[in-house]
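Just the one chain here, laid out as structure tokens, in the form predicted on its own.
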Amino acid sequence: MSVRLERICSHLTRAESFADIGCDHGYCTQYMLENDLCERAYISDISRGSLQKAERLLQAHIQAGRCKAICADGMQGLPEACELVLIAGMGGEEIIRILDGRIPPRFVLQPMKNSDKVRAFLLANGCKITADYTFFDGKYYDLIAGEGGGGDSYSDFELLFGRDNLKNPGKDFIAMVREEQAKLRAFLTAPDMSRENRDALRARLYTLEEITDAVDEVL
């Protein structure tokens, strides 16, 4: 199992019903079923081809009546409101669209981009975020887990970078920030950049420097 799947699965806990939205190969649902972490599982994907890959992997569980495959957009077609929902490998705006008006009791999200927008959406909808950090597996990923209801609040920096990354910074997050800083400094040496773009890059670099200063204080 890849580092990415291991990180995701480490946040999948016992639930009566579980849904893997955009399930792709279905490995996370396999983890839930084979570790007896759910009574019922649903694999859903808008792509029939992707869904068929998961169906082949989970054929025995489907035949046993513990897993149902649904070719649908987002959570459309789920026969029940599941206790735990996983949405991984999608853009943040797509995750927001799927969750809008239908936030589950517990969720694990792994947006590919626009994580700040996902955090803002969850907080605006009264969710409590229980895990929010960056990890590396060939590229940098954000993982956000939490609960519907309970309420939470973030600072502006926590919205941008993830609360756990700032309160308990890991080596992957620190490496990501320092890599971006190096890239920005290299970009700023370009002689033909517009003033507007240069100011935007300097503003981003200044923000990252504030983050590294804060991280150094924590460490």
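All values derive from a computational prediction rather than experimental measurement. When you see a residue number, it is the position in the sequence shown, counting from 1.
Not on display, but discussed next: the form predicted in complex with a small molecule.
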Which listed residue (S47, Q63, N168, N35) meets the criterion of a heavy atom within 4.5 Å of the small molecule in the model of the complex? S47
Which one, E147, E94, D116, E83, lies within 4.5 Å of the small molecule in the model of the complex by heavy atoms? E94
R4: heavy atom within 4.5 Å of the small molecule in the model of the complex? yes
Contact flag, L143 vs the small molecule in the model of the complex, heavy atom cut 4.5 Å: no
Non-hydrogen atom contact A19 with the small molecule in the model of the complex at 4.5 angstroms: no
With the cut-off set at 4.5 Å between non-hydrogen atoms, does D73 touch the small molecule in the model of the complex? yes
The stretch from 55-63, 156-164, 38-46, 178-186 that lies within 4.5 Å of the small molecule in the model of the complex, judged by heavy atoms, is 38-46
